[in-house]
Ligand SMILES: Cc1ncc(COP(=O)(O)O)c(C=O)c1O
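Here we start with a single chain on its own, the form predicted on its own, put down as structure tokens.
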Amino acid sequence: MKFPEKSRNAEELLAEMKNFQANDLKWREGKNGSFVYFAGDDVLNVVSTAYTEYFLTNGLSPLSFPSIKKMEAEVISMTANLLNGDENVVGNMTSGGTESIFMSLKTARDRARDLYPQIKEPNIVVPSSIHPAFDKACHYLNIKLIKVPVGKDLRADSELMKNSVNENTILIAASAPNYPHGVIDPIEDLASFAKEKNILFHVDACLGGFLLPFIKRLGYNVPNFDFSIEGVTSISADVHKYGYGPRGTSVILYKNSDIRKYQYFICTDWSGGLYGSPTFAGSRAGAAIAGAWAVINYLGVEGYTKKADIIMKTTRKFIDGINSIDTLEILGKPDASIFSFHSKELDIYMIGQEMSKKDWSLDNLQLPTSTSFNGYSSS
């Protein structure tokens, strides 16, 4: 397709784009597994209005857009409060969980370079169920990734992970919950060990950060996973998942500014002047930050708890239904909304394929062969 020579009629153009969506995921029908987190038309209206209002703003320049700076600072503060952080917890907003994880590893690497120059080949230790964003970040940052098999319960095996730590380990990470099976790793045990060894400990709560606190409030058995645990030094949490913010909003939090300072990049000798950025991105969509701020303030604890109640009741119905089918089996004991299931008799991938024909969106998994669903229902 060549670059268009002439302008087009706006109504005609937008109508054509509407037609493009014919084969897209039917996310309003509640059959979506993970790609869209829809909390109702009222929430969508608030977020989209805030987004449009700040559409042309740029989070790169806090001096030009102090309103964006204010909203980002408040999103960080509110998220830290939600995750039991004290007044020392600091952080930034990023474009998503992958960037948040990337920044936590970049911070760990640069901190080790400064404090432990004897470490020439840094590594991090993670369970095999950890999100591939860790693989990606280690690839870019030249960090060795030590993956440890999970236990029979699909959670990180604490003893195996502890035994995998060596003199070059700069960070240990675990999930709350992990994306394949929805189980929370033994974070308290691992974080305590990391603190004892003076190693940074990161909690990947990209999926659960804006859901687990409200599930716990409802009385579900949710193990501690946040800054209430001694030894947790950073947490990633995605606003664009169960925070219902616009796509492209995540938070990376650090226990204190002494750790977070290694996240920054500054160039002092550019002819264009002093250039600095706290995260990987240069220009950042101020609209995404505004949308995140708006939805958190719109829903509050009350609204998020109501959404969490719907989600967990829906999840339990799914799990009970699958357990009632003799040929299917839930893997592990899911702690949140996501769960996986397999079959010892049937081809689970074929089941997923047939479900897709009915507009259900399931994720095929491996090791073990299974399929998963984010037990979320549209409002």
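Since the structure is predicted, the reported quantities are computational estimates derived from the model, not experimental observations. Position 1 is the first residue in the sequence shown; the rest follow in order.
Note that the form predicted together with the ligand isn't included here; everything after this is about it.
Here the chain stands by itself, but in the model of the complex one stretch of 171-179, 262-270, 144-152, 281-289, 171-179, has heavy atoms within 4.5 Å of the ligand. Though the ligand is absent from this view, in the model of the complex it lies within 4.5 Å of a heavy atom of just one residue from P213, G97, P246, G85, which is G97. The single contact residue among H131, K195, K106, K162, judged by any heavy atom lying within 4.5 Å of the ligand in the model of the complex, is H131.
For the chain shown alone, V183 is not a contact residue for the ligand in the model of the complex, no non-hydrogen atom being within 4.5 angstroms. Looking at D238, you'd find a heavy atom of it within 4.5 angstroms of the ligand in the model of the complex. Although the partner is absent here, C206 sits close enough that one of its heavy atoms falls within 4.5 Å of the ligand in the model of the complex. Residue contact check for V125: none of its heavy atoms lie within 4.5 Å of the ligand in the model of the complex.
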